[in-house]
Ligand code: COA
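Single chain ahead, by itself, as structure tokens, in the form predicted alone.
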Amino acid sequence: MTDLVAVADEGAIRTLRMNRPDKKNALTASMYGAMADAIESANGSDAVRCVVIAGGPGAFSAGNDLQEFLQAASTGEGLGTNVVRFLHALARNERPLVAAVQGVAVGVGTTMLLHCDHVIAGSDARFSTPFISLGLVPEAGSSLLAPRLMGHQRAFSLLAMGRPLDAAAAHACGLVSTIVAPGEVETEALKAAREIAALPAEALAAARRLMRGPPGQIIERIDEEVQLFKQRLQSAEAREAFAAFLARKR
């Protein structure tokens, strides 16, 4: 467990909060592990009826921690066990997921939302997936789920061309359920979570399974992406892209 992820249960609602504000909630391996633990244990708890994933003001998540990306590239490790556990946990999750998004949602900060059932976004939210510009490939099953949700052209614009979406555009393509003022995001997310948790649990679970379908195809795509991601981290394209990115940051 890590104090960079705060997990709290209140009634039937579990809130999972990414809590690394100084790095805009960029995710480390230990954070992925803590988030996977929270989602997996919710599945085994009759008391938890809905899970809320939140960040903080100005940042839902800036994506994967850049230094860990660079380390993975140097060691050949790839995305790592905890990352894959988290992605599998999202795909296999049995409890409705609500996301509360303020500010930036980069990389996995955007792609994890494709696994959520209801997404509340602040009007300041901005979604981006700069995988290709870094010489990488999309992850979290997004290469399968995004075209299903928004159509090939919009998914290509987001995942391949790396064009960001503001809150209104994300709502128009179905990534976001509701847009509210930034200061109202968490209140509205908890309101939605309570509404979901109050529904008949067995009927809701059955309906959700029917709508989402079996997770096997999504898991298979996640694993395919993981292998390609590992290969791409070792590529000359990725090395050059990361070097250029770091040079711009200096």
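Model, not experiment: these values are computed from the prediction. Each residue number is its position in the shown sequence, starting from 1.
Below, we refer to the form predicted in complex with the named molecule, which is not included among the displayed structures.
Trainee: Which listed residue (L134, A169, A91, C116) meets the criterion of a heavy atom within 4.5 Å of the named molecule in the model of the complex?
Mentor: Contact with the named molecule in the model of the complex is made by L134 alone.
Trainee: Given the named molecule in the model of the complex, answer whether the residues K23, L66 and R248 all have a heavy atom inside 4.5 Å of it.
Mentor: The answer is yes; K23, L66 and R248 each reach the named molecule.
Trainee: Which one, 92 to 100, 170 to 178, 105 to 113, 140 to 148, holds residues whose non-hydrogen atoms are within 4.5 Å of the named molecule in the model of the complex?
Mentor: The contacting stretch is 105 to 113.
Trainee: G162: heavy atom within 4.5 Å of the named molecule in the model of the complex?
Mentor: Outside the cut-off, so no.
Trainee: Is the gap between A197 and the named molecule in the model of the complex 4.5 Å or less for some heavy atom pair?
Mentor: Looking in the model of the complex, residue contacts with the named molecule do not include A197, since no heavy atom lies within 4.5 Å.
Trainee: Indicate whether the named molecule has at least one heavy atom within 4.5 Å of a heavy atom of A62 in the model of the complex.
Mentor: Heavy-atom contact with the named molecule at 4.5 Å: present for A62.
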